[in-house]
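Read the single chain below, which is given as C-alpha cells and is the form predicted alone.
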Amino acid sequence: MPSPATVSPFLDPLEKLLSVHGTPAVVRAVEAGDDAGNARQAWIDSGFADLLMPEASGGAGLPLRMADELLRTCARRLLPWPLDATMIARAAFAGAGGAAPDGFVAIAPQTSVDADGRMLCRGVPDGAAADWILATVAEGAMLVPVREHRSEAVFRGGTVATDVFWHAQPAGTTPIPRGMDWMAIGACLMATRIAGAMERLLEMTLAHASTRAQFGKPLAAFQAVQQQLAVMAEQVAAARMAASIGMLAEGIEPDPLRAAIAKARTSEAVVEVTSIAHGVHGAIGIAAEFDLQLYTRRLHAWRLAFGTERRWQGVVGRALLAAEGPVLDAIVLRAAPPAA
C-alpha cells in the first residue's frame, strides 16, 4: 500500500503544470468556448489521469484517499477539465481489464432516455469540455462520446455545469465494465472541489481585507469584518475536513456514507462562504475581470451538482436511524480513518 509520502512527488509537477496550463486565463478561455488545445493536450499527456489505475495497467496504483490533496490543489486553480472524474473512470476500466478511455470524462448527475431513444444528461460539471460523459441509465452506466459528436449534441447552460442532449444515442457509446455508485462518487468529487476552491477563496478574501483601506485603515482592522472572516475560516476548515472524510478509501470508490457526510457539509458551507467573500470584496467581486466570480459561480454550481446538502443530510439521517448502538459511535466509526 502506498505511504502518505508517495503523494509528495506528484505535487510539485502538478503545481508546475497548473502554473502554466491552469491559470485564470486558461479557465476564462475554456469558459468562453475556446478549445485551449495546447493546455488541454498538456493535461492529457501529463499522466495525472492514470494515478488511480493499477500499476499493471501503467498507472501509479494510488487509492482514492491519496488523491485528496492533489484534487484539492486542482480545485484551488479551478482546473477547467474533469481530471478527477477521468481518474476514476480510467481506473474503473483498467481494474476490470478493459481499455481506459482517451480524453476527459465528466460524470452526469442525472440522465434520462425517452421512448424514442433521445438522451438528456442534466447539470454535467465540465460537460462542455469533456470528451465523454459517463451516464447512468436503467441498464447501467455507460460512456457517451461528446467530442466527436458535438455536431449531433445540443448544449444548454454554461460551461461550469451543462445540459447535454442527443436525439439518439451516439455511435461509440461504451458500457462501463464495473458496477459503481456514480452518484456517491460524483458527490465526493464535488465535495473535494468545493473544499479546494474555498481554501483559495479564503486566501483571496484575507488578502483583500488586509490591503483594501476604508476610512483610513484596512478592512481587516474593523471588528465586524474580523468576525466575518473568522466565520469564513471556520466554515472552510470544516469543509476541508469533511471532504477529506469523503476521500477516505483504499480503492477507487468512496464509502457512500462518507461521501454523504462530505457533500452535505461542504455544500452547506458554500452559501455562507461565498456571501462573506462578496461582502468583504464589495462590488469588485462581481466584475468579470476579477477572479472572485470565477470561484463563487463554480462553488454554487458544485453545490447543486449531485444533490445539495439537503439530499445528503437525509442520507446521513437515515443511516443514523438504521444504526445500532450509540448514535455518535455510528457516525464516528464510519467516518474515522481506516486503521493503519
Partner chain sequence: MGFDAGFSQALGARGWLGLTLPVEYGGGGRGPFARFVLVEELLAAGAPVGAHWIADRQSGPLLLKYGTEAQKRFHLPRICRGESFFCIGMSEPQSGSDLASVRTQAERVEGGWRLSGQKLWTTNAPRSHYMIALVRTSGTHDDRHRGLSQVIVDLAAPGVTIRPIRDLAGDAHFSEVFFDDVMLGEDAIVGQEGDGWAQVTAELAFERSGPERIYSSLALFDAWIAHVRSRAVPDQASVVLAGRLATHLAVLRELCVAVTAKLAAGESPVVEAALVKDLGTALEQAMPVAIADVIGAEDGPPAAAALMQALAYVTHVAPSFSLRGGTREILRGMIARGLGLR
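For clarity, every value in this text was computed on a predicted model and none was experimentally measured. Numbering follows the first chain given and starts at 1.
Another form, the form predicted in complex with its partner chain, is not on view; read the next lines as being about it.
For Q235, a non-hydrogen atom is located within 4.5 Å of its partner chain in the predicted complex, even though that partner is not displayed. When its partner chain is considered in the predicted complex, Q226 lines it closely, a heavy atom lying within 4.5 Å. Its partner chain is not drawn, but in the predicted complex it has a heavy atom within 4.5 Å of M241. Its partner chain in the predicted complex comes within 4.5 Å of no heavy atom belonging to V20. Site residues A230, R265 and G314 are all in contact with its partner chain in the predicted complex, judged by any heavy atom within 4.5 Å.
Figure note: of the listed segments 66 to 74, 38 to 46, 292 to 300, 306 to 314, the one touching its partner chain in the predicted complex, with heavy atoms no more than 4.5 Å away, is 306 to 314.
Of the candidates A128, L79, A141, I245, I245 is the one whose heavy atoms come within 4.5 Å of its partner chain in the predicted complex; the others do not.
Within 4.5 angstroms of its partner chain in the predicted complex, the stretch 198 to 227 places a non-hydrogen atom from each of L206, S210, A220, Q226, Q227, taken in sequence order.
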